[in-house]
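In C-alpha cells, one chain follows: the form predicted alone.
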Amino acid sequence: MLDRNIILVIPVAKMSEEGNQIEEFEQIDFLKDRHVRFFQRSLQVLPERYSSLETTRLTIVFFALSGLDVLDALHVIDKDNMIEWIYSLQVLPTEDESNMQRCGFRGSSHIGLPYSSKGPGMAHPYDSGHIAMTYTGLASLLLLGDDLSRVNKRACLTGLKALQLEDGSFYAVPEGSENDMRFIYCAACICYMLDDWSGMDIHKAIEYIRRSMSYDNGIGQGAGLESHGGSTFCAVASLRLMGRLEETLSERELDRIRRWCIMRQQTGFHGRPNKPVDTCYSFWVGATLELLDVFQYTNYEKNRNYILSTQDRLVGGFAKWPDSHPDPLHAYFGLCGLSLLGEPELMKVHPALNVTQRAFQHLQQLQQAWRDNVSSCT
C-alpha cells in the first residue's frame, strides 16, 4: 500500500510547476466536507482495528453524531432510525423489576438479545447498563432532537446509584470495574440531563474530587494519582454541572488549577507535564479553561495550527498527532477544540456537558416542560 505521505507529495510537486496553484493548495485549512464524510463512514463501517470496541459502540456513535452536530450536518443521517437503535440499547426493567440496579444503556447488541426499543426488559445474566454508555446514549438522543420520553428515568437513576462506591467514585458496570474521575463525570452528566440528582450521593462525589487534587494543583483520576488534563476536566465539569464549583474550591485553589491548565499548552495542549501535544486535549484542557473563565489567555493561533496539522486531507477526520491515522474520538475533539476557538463553520459547544449549545438548549426546553408538568399536577 502506498504511504499516505507519498500520495500527498505527488499533487504538490505537480502544482509547483503550475505557479500560483500551490498557494491555493496550501491555503486549504479546514476541510469541512471531508470531515462530514468521515463521520458518515464512522456510522456505517469501521476498520478491523476497531473490532475490540464493539462492546462500546455507542461511544463511537456519539463521537460521530456529535461531530456531525458540531459541523451542522446532522441532516445527512436518518435521525429516526438512529433514535430507534439507541433506544434498543436501553436496559429496561423486567416485569418483576428484579434487575433495576442493572438498568441504564448498554454499549451495543453484543450479547445477542432480540432487537427491541419498547416493552419490558428481558432477564439475562450478563445484561446491564454501562455508566459511559448511559451518558453517551442520553447525549446522543438529545442532539438528535429526541424528547427522552421513552427513557426510563427511575430505572436509569436506580442503576446509576447502585454503581457508586463508599469513597464517592463509581464503577462502570455492576460487576465491578475501574472506578475513577471519568465515571463521576458520567454520573454527573446523567443526573444533570435527567434533571434528578437522586442517582448519586453528591457529598461523597465532591469529597472524592477534593481528595484527588494533587500537589502540583492539577487533579488526578483518584487520590494520590498523577494530575491529568482529562481528569481535571471531569472534576471541574462535574462540579460545574452540580452547581458546586465555587462552593467546593476556593478562589486560590481555582487559580492554581487555572495555572496548571494554562501550563499544558505548547502549540496545542498535552494532558500531563513532559508528554507530547495531543489533539483531544485542545478540548479537555481548553474546555476546563473555558469553564474557569480564562480560555482567552491561551494562544489561539498555535492551538488552531496544531489541530489543523493533524487533519487528514484525504479521508477527513483528525488524529492525535500529525501523520497519524484519524479516529472518531480525536476527530470529534479536534472539532470541539476548534469550536472553542470560534472556528466560523462550527457550532458552539457547551463545555461542561460536551454537546453543542443547540443540544443543550433543547435539553433546557425539555426540563422546563417537565417542571411545568410537575407543577400542574400538584
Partner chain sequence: FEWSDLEPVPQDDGPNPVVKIAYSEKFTDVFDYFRALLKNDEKSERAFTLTAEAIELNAANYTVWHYRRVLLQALEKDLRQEMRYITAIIEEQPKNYQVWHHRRMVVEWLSDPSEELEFIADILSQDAKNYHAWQHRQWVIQEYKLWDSELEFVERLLEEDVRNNSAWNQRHFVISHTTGYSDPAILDREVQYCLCQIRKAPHNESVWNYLKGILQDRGLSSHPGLLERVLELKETQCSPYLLAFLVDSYEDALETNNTRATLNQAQEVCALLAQVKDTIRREYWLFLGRSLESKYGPTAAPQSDAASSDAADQQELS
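Numbering follows the first chain given and starts at 1. From a predicted model like this one, the values you see are computed outputs, not experimental measurements.
Not on display, but discussed next: the form predicted together with its partner chain.
For the residues Gln265, Thr158, Gln164, Asn99, the 4.5 Å heavy atom test against its partner chain in the model of the complex is passed only by Gln265. This chain is drawn without its partner chain; in the model of the complex, the residue among Leu245, Ala73, Met82, Ile202 with a heavy atom within 4.5 Å of it is Met82. Put simply, Arg182 is close to its partner chain in the model of the complex: some heavy atom of it is within 4.5 Å. Its partner chain in the model of the complex is not approached by Gly342, whose heavy atoms all lie more than 4.5 angstroms from it. Put simply, Glu178 is close to its partner chain in the model of the complex: some heavy atom of it is within 4.5 Å. At a distance threshold of 4.5 angstroms between non-hydrogen atoms, Val61 is in contact with its partner chain in the model of the complex. Stretch 224-232 is the contacting one of 137-145, 224-232, 187-195, 90-98, since its residues have non-hydrogen atoms within 4.5 Å of its partner chain in the model of the complex. Heavy atoms closer than or equal to 4.5 Å to its partner chain in the model of the complex belong, across 29-64, to the residues Ser42, Leu43, Gln44, Val45, Leu46, Pro47, Glu48, Tyr50, Ser51, Ser52, Leu53, Glu54, Thr55, Arg57, Ile60, Val61, ordered by sequence position.
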